[in-house]
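Next up: just one chain, as structure tokens, the form predicted on its own.
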């Protein structure tokens, strides 16, 4: 179950099927992103694809010496563009691939438009999602719900993305969903409808234990997306933002022109692949080792690399080093910027208190620490509001709740009204009334013992104590202990055996911290394979946008292998 491999295979097959000769790849806005996540331009160039065009681009030249490979989402708009294209073809022959199920009537319209008989084939290749990591996918949808219910257009897109994922991995799953979420039940029903309607497509070889699709709602754990992160991939997304593997560094002081936007992709960046799940301290020393290895080849010019600034100076003074290893200069820049932000925003101290709010149950200590940080001028309004949100979620019903006082402290600090209002919006979004689970106080004896032992041992790393609620959910699921009264099956049948292939989908967005949890579970649980997906992959900033777009704030007060099918269904 590797989503990067699945999409990559589709793209390879499209190019191979068109045969030898020069080609153009014709895509739409979304499929451009889907392809760019799994292939670099230079890799595709090696396969005789010399031109990349958008179907909606008005001024494309006529190039009859090129074959066209069209990879498009099956939207009405794209079908209309294709009909126009086929009436006046710009290329010699067309291989058309839709990223999802296309209706018979649309295929008929295309056939009627193809008067010059330039279409060689029309097929469905189900790469209709963004493959982020081998075990993580996203649909890049921000703001999927209105209140507690789906926005209809986003429900339709999510159903398409999720069914395409199942088809690309060749899975016909049993479905479980979070009972406390109306949106989860609705999505489960929509996916089930597609599986029933397109039953021929889902006739895969039966496995002994059927795969399982588990649909969850972000509302059940609003804590995880609010925390600062300390592993490389998650930290880059939290502090700089990752958008389809691209990081915008244009705001970095003194940045050189060629580093204004960099790409971080584990597929073709070995350092990133080896370090994306390591914590910040290890990455710093790994970069240092990498550079020292290079220096050993230049014994005359030994220099000591003590700080990030030394490293940057070293890279700038060695153009040939830059040439040899753009990778290193990129990572030194990224880590340098992370390091600058950590000290500028006092994030070590902020993160320690965040972790206390998420993992401990000492109200008076937590309150004291939040109040102390709100007085610190280095703490930004964003981080100050985030601390108060975490406090509000954890101690929502505590007898000594001091939220009104903290809101006053935020106002005195000069925190904008937008962030002050967001505190109550976050509680409205993911507070106790909404959650189907208990995020903070472990109820069963095993969990209480674990917490007690953890307290005795002390914590290895105060910045990474927190484990997403997803960890507990998956742990219970793998052990066959996930309660059916909280996560019922859709339909009459249930799974007798422990699940082996699990697809988890989070409505309202997953996080890189949860992706790390899944990565570790895959590594340490033999016989179990888990893939995580979400409507998007959040950092704190995008999560707060999700909360805002849900409209709940308006009530807030300031207080695998290729599966394809011929679309003509011959």
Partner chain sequence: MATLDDPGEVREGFLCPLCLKDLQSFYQLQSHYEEEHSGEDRDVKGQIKSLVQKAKKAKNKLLKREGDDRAEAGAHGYESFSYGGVDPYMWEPQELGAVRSHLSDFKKHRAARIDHYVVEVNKLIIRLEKLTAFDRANTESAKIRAIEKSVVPWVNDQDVPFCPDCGNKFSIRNRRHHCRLCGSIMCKKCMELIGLPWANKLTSASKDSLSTHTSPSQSPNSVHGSRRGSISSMSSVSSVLDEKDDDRIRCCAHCKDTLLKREQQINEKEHTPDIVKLYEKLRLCMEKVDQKAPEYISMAASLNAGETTYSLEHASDLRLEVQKVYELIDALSKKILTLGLNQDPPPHPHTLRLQRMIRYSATLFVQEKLLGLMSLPTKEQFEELKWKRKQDLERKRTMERQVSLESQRRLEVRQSGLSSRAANGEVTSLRRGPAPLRKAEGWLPLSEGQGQREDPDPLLQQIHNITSFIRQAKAAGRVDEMCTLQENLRQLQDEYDQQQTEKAIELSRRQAEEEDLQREQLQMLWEREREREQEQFRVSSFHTRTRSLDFRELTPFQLEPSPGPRTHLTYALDLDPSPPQSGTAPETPSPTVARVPGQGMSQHSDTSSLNPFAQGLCSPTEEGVASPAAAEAALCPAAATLKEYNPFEEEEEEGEQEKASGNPFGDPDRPGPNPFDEEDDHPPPGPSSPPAPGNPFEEPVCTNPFEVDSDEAEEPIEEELLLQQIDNIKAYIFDAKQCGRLDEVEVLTENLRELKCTLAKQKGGPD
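Residue numbers count along the first chain shown, from 1. Just so we're clear, the structure is a prediction, and the values are computed from it rather than from any experiment.
The next section is about a form of this same protein that is not shown, the form predicted in complex with its partner chain.
Trainee: Answer with one of 250, 116, 375, 494: the residue that has a non-hydrogen atom within 4.5 Å of its partner chain in the predicted complex.
Mentor: Checked against the cut-off, the match is 116.
Trainee: Between 261, 381, 189, 282, only one gets a heavy atom within 4.5 angstroms of its partner chain in the predicted complex; which residue is that?
Mentor: Only one listed residue qualifies here, and that residue is 282.
Trainee: Can you work out whether its partner chain is within 4.5 angstroms of a heavy atom in all three of 196, 419 and 436 in the predicted complex?
Mentor: No: none of 196, 419 and 436 comes within 4.5 Å of its partner chain in the predicted complex.
Trainee: Given the stretches 121-129, 366-374, 411-419, 220-228, which is the single one in contact with its partner chain in the predicted complex, using a heavy atom cutoff of 4.5 Å?
Mentor: Stretch 121-129 is the one.
Trainee: Answer with yes or no whether residue 204 is in contact with its partner chain in the predicted complex, where contact means some heavy atom within 4.5 Å.
Mentor: The answer is yes: residue 204 has a heavy atom within 4.5 Å of its partner chain.
Trainee: Does at least one non-hydrogen atom of residue 440 fall within 4.5 angstroms of its partner chain in the predicted complex?
Mentor: Contact check for residue 440: no, nothing within 4.5 Å of its partner chain in the predicted complex.
Trainee: When the contact criterion is heavy atoms within 4.5 Å, does residue 463 count as touching its partner chain in the predicted complex?
Mentor: Heavy-atom contact with its partner chain at 4.5 Å: present for residue 463.
Trainee: If we define contact as a non-hydrogen atom of the residue within 4.5 angstroms of the partner, is residue 29 a contact of its partner chain in the predicted complex?
Mentor: The answer is no: residue 29 has no heavy atom within 4.5 Å of its partner chain.
Trainee: In the predicted complex, which residues of 154-182 put a heavy atom within 4.5 Å of its partner chain?
Mentor: Heavy-atom contacts within 4.5 Å come from 167, 168, 169, 170.
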